[in-house]
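Taking the form predicted alone, here's one chain by itself in structure tokens.
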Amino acid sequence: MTAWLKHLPQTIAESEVDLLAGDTLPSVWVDRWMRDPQREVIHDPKQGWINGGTLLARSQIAARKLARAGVAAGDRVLISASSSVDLVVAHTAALRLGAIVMPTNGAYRADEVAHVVSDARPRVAIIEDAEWGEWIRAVDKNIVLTPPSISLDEGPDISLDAVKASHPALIGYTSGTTGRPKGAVLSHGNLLSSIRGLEIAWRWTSHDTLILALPLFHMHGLGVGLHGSLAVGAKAVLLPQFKVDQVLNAISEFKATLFFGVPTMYSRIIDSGRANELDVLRLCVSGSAPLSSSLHESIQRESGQVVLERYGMTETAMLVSNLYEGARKAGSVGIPLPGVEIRLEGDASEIEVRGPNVFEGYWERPDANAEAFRDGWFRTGDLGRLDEDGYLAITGRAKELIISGGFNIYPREIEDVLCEHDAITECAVVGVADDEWGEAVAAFVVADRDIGYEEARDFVGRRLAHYKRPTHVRRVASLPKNALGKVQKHRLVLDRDN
């Protein structure tokens, strides 16, 4: 029996599953908006509800503006802004035009922005931070800058929605084991197939209303929350940031049925004393970082919600999910989603995957692509184990990636910055378990004087995104190394009093 068949409701047979029904997400969205133009689709605190007909018209106008600015099919468009209707319009317009969207974290600083801009060479940057404009223009003065409202001249009518499933749709930057972040290129088919799988597995329908407080530069918020809501015809209530009271108030106000979050969000909901208010939801989903068994149990005890944990990544969108109808095991990410296959390879049991949701490679990185795939299977870099029921548990990472609060953090990037400090001669950065964040950043430094926590944190924070700042700093006489001089990070032990 194919493992993913366990996700199917009794009313759907395997032969009826078509993960590419509609060909592309923009085609699916436009079809829904045209058939039911008065249906409310997206809400934000400033503009209220926007219906499908308005989204259709506004995205057409925005696409004409982007085309007038020189964007053609295959060109890149960088988008970095807080969640809003304007951002949704800009994103859908770029995809309808055939451009490749670069969703970019607004917490990035100058060096990080310069890297993604020089790597993917966008034609237009849709941003809300004026400082970013300076950083982008420092790399390429010809890049057109505009706020999310797309304050550009409008061009003539143009052909839209001509892209095919095989055409690239997104470049998502993700940390690897060496060098700077790489751009994972996902096709329209990759994105659509992942949503079709979730639509089936989570019984996601047009009757649902999602409270979406996740950022829209991340696969969880953008590739699942927004894309999925638009595709199935559900409503999405956008919150520009996560605040417990705003989320719980919105659940009540909008009669929500869904909430997607990361473990940090659920931890704060528990701490608020209002976790019982989750009981009205049809489904709570957690992802982007491991949900501890203790937190899983706390949520169930306080609200009755058995949180559904799932597993995915930038390169693959969603891969695995606990069952909607069936056991949701604490500490497990579940069963492969429709169309997805997984296998464990090597003595360390590395998780390898294949399916229509899996990307074909990194942007202009043939070297990385050769390393990332084995016999047509993508090597996730995560380690896992399967139980007797076929449920997957993540046991560790072959790569050194740190995941804190749902954000991917590459240690080498922080180490390079710390070593610029005039008092630090060597350093090593590792992830350590943290009840709230899943993992926290710990820095071990060899220095000619004491380096305090605040000094190191501020030094990194001025150069990198805030979530990459060390939470723990320990000065050591030397770093443990093997005979070849490689730092043995597994021998670094954090004394929590330091």
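From 1 onward, residues are counted along the sequence shown. The structure displayed is predicted, hence computed values, not measured ones.
One more form of this protein should be noted, the form predicted together with a small molecule, which is absent from this view; the next part is about it.
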(request) Name the residue from T146, Q305, S404, T257 that puts a heavy atom within 4.5 Å of the small molecule in the predicted complex. (result) S404
(message) Within 4.5 Å, heavy atoms only, which of M265, V353, L248, A428 is in contact with the small molecule in the predicted complex?
(response) M265
(message) Taking the small molecule as it sits in the predicted complex, is P215 in contact with it (heavy atom to heavy atom, 4.5 Å or less)?
(response) yes
(request) Report whether the minimum heavy atom distance between V285 and the small molecule in the predicted complex is within 4.5 Å. (result) no
(request) Answer for R35 alone: is it within 4.5 Å of the small molecule in the predicted complex, judged on heavy atom distances? (result) no
(request) Find out whether any non-hydrogen atom of R310 is located within 4.5 angstroms of the small molecule in the predicted complex, and reply yes or no. (result) yes
(message) So if I measure heavy atom distances to the small molecule in the predicted complex, which of the stretches 57 to 65, 462 to 470, 25 to 33, 42 to 50 falls within 4.5 Å?
(response) 462 to 470
(request) Kindly indicate whether F242, T314 and M318 are, all three, within 4.5 angstroms of the small molecule in the predicted complex, using heavy atoms. (result) yes
